[in-house]
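The form predicted on its own is given below as one chain in structure tokens.
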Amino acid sequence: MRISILNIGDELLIGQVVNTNASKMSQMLTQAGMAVGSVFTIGDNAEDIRNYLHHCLNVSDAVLITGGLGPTKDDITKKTLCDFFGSELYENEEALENVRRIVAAHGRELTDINRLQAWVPRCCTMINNVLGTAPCMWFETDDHPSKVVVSLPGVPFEMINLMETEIVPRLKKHFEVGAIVNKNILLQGIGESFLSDLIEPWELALPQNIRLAYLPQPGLMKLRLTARGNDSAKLQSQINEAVTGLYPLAGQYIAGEDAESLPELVARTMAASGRTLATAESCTGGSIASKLTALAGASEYFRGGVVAYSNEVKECALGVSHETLVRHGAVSEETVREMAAGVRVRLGADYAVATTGVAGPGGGTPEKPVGTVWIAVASAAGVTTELLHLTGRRAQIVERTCNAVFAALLRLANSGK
């Protein structure tokens, strides 16, 4: 089964609104065993909607559309779909009752504009949107036997609820859906081209039904294995066997599995071990702490953090000695070592991480150019440090530093020290 996604809205094309619907819909469909073949973003233009819908129906079994279902003049999707399927609009009583309910819940009177939301093409199956006034519409047509077109509201939380409760179950019932098994592997410390050369024999030996994708990020490489077939258990066995064969080649770079990011791995590792963590950040400016606390459950293991940007704060808040700063400078192994050890003791954590460096674009010297970064990880066993020579803009340097810190922490935590 193959699905096309068509996201409609001028606001998406001009960048006023980020199109999160495409990624969320693709994720939900893939998890349900359905393959997304294409994603298109187009404006509120009737001719474009018709043209892209024709194309999508020619190459896909189902087309999922979002956007353009509001009651204002710029929302033309419903009328265009009505014309496309040669139907007429009528007022659906069930949809009208839903609109009445939602309007009343907001303490407002039903207006003629509100009432227009209940008008749908006569040829569609109306699916109530319990979270909003724009109903979902399910189309089947004799011109495209067994194919389906679904029009959903563009408001993300409304779309997600409809996908979860109505559309995905209906699609699985309507079509013969196969099985898909995905596996994420996170690697740190190796670039895409070097990794490709390293694991080429393994990649070439993968079964034909398993696809490998390289998903690089600053300071991080994600490998995603996708197995397709009819038997989920067999696919999982294939994936497990493939991953086992990867470790002899790239095991030294593998930070973990089954996570979307290194902070997720850190959170999982800390929570499982019952250990606590503190941070001392200079050049990363609190980014490490921010990434950790953005995840639910951080309070279980994260003690707190100090953004010690100035030398004075490094001294008074972290206990870095004045002599160390004078002799070696803020960007040095000696300073980052004392930062990590100091924040660990002062915040009473099992582990602590620290960063200090030159993130740019200014501030570099011939001895310590932009991209020079020291990181440290402290535990009861001592402090380990690492010197990084990074490239890129300021944001990329900060992101690469964060991922290097997470990977170093995971190595230490997984070693049991």
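Position 1 is the first residue in the sequence shown; the rest follow in order. In this text the structure is predicted, and so the values were computed from the model without any measurement.
Not on display, but discussed next: the form predicted in complex with a further copy of the same chain.
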Any non-hydrogen atom of Thr384 within 4.5 angstroms of a further copy of the same chain in the predicted bound form: no
Distance check, Asn19 to a further copy of the same chain in the predicted bound form, heavy atom within 4.5 Å: yes
In the predicted bound form, Ser290 touching a further copy of the same chain (heavy atom, 4.5 Å): yes
Touches a further copy of the same chain in the predicted bound form: Tyr52 (any heavy atom, 4.5 Å): yes
Candidate stretches 176-184, 340-348, 198-206, 87-95, one within 4.5 Å of a further copy of the same chain in the predicted bound form by heavy atom: 340-348
Single option in Trp138, Tyr253, Tyr214, Trp119 placed near a further copy of the same chain in the predicted bound form, where near means a heavy atom within 4.5 Å: Tyr214
Option touching a further copy of the same chain, based on a heavy atom within 4.5 Å in the predicted bound form, out of Ala32, Leu57, Leu388, Val39: Val39
Residues within stretch 305-323 having a non-hydrogen atom within 4.5 Å of a further copy of the same chain in the predicted bound form: Gly305, Val306, Val307, Ala308, Tyr309, Ser310, Glu312, Val313, Cys316, Ala317
Change in CA distance between Ile210 and Ser38 in the predicted bound form, which is 3 Å or more, as closer or farther: farther
Sense of the change in Cα distance from Arg211 to Asn58 in the predicted bound form - at least 3 Å versus the shown form: farther
